[in-house]
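This document opens with one chain alone, in structure tokens, the form predicted on its own.
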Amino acid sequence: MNNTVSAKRGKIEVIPVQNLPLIKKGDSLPELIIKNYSLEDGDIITIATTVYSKSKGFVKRLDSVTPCARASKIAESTGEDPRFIEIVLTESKEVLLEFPFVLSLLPCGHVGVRAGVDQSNIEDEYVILLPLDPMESANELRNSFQKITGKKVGVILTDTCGRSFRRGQTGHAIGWSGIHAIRDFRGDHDLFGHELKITEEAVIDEISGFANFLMGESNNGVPAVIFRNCEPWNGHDSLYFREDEDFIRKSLKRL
């Protein structure tokens, strides 16, 4: 990935994208956004995966699904629609937990409740699916913004996720392009001259969390947020633990 985003030092400006129409299949999110919002080099545009998936037609009707025996059994335990659980199983690369909720490993490496399948902000009897390759989706969006505006921006696709040990959901990055996922402080020194040996900051999740604060979880009507004047950072994109170093996943498999 070519990380070419630059930005001016100063106060960070946060711009909620409002007054977009209800997104439908075939809509171009970059074109809709820039109709009312100008972009600058270095901007970071966060976009909810729900609207991206709707624009690409990544949705499914519940009545088109016939649940398998496993889906029916899980649904009986969780109290959910077995057709919904069938879609969750189909979207999952691996199911890490079946009860009290389905926790899934997705093909892209993300671990999420119910494989990120969403029944909110869509018509009855439909569900929204996460993009199969969120990194490629983010890259496609970034290229579209640059082609239309000539500006070099970063893009983050966000989704809301729960967290271990804490109540509540926060925004998380599912796909990103033009910026590094992690700001790596290893080898740097603190105020007292101590060398930092393990500090890696998940900047894209921090940005996604603040974006979600503006997007809201119900009817705010803010599908995207633009961040301006973020200072560039150096780092890497190894956001997800490898299976051999993910002790939480190992522990879940022992249950």
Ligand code: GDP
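Only a predicted model underlies this, so the values are computations on that prediction, with no experimental measurement involved. Counting begins at 1, following the sequence as shown.
One more form of this protein exists, namely the form predicted in complex with ligand GDP; it is left out here, but the text below deals with it.
Heavy atoms within 4.5 Å of ligand GDP in the predicted complex belong, among the stretches 176 to 184, 78 to 86, 152 to 160, 139 to 147, to residues of 152 to 160. Shown here without its partner, the chain carries 15, 205 and 228, none of which come within 4.5 Å of ligand GDP in the predicted complex through any heavy atom. Residue 239 falls outside the set of residues with a heavy atom inside 4.5 Å of ligand GDP in the predicted complex. Although the partner is absent here, residue 215 is a contact residue: one of its heavy atoms lies within 4.5 angstroms of ligand GDP in the predicted complex.
Looking at residue 169, you'd find every heavy atom of it more than 4.5 angstroms from ligand GDP in the predicted complex. The shortest heavy atom separation between residue 51 and ligand GDP in the predicted complex is within 4.5 Å. This chain lacks the partner; the member of 65, 222, 59, 34 within 4.5 angstroms of ligand GDP in the predicted complex by a non-hydrogen atom is 222. With contact defined as any non-hydrogen atom lying within 4.5 angstroms of ligand GDP in the predicted complex, the contacting residues in 17 to 37 are 20, 21, 22, 23, given in sequence order.
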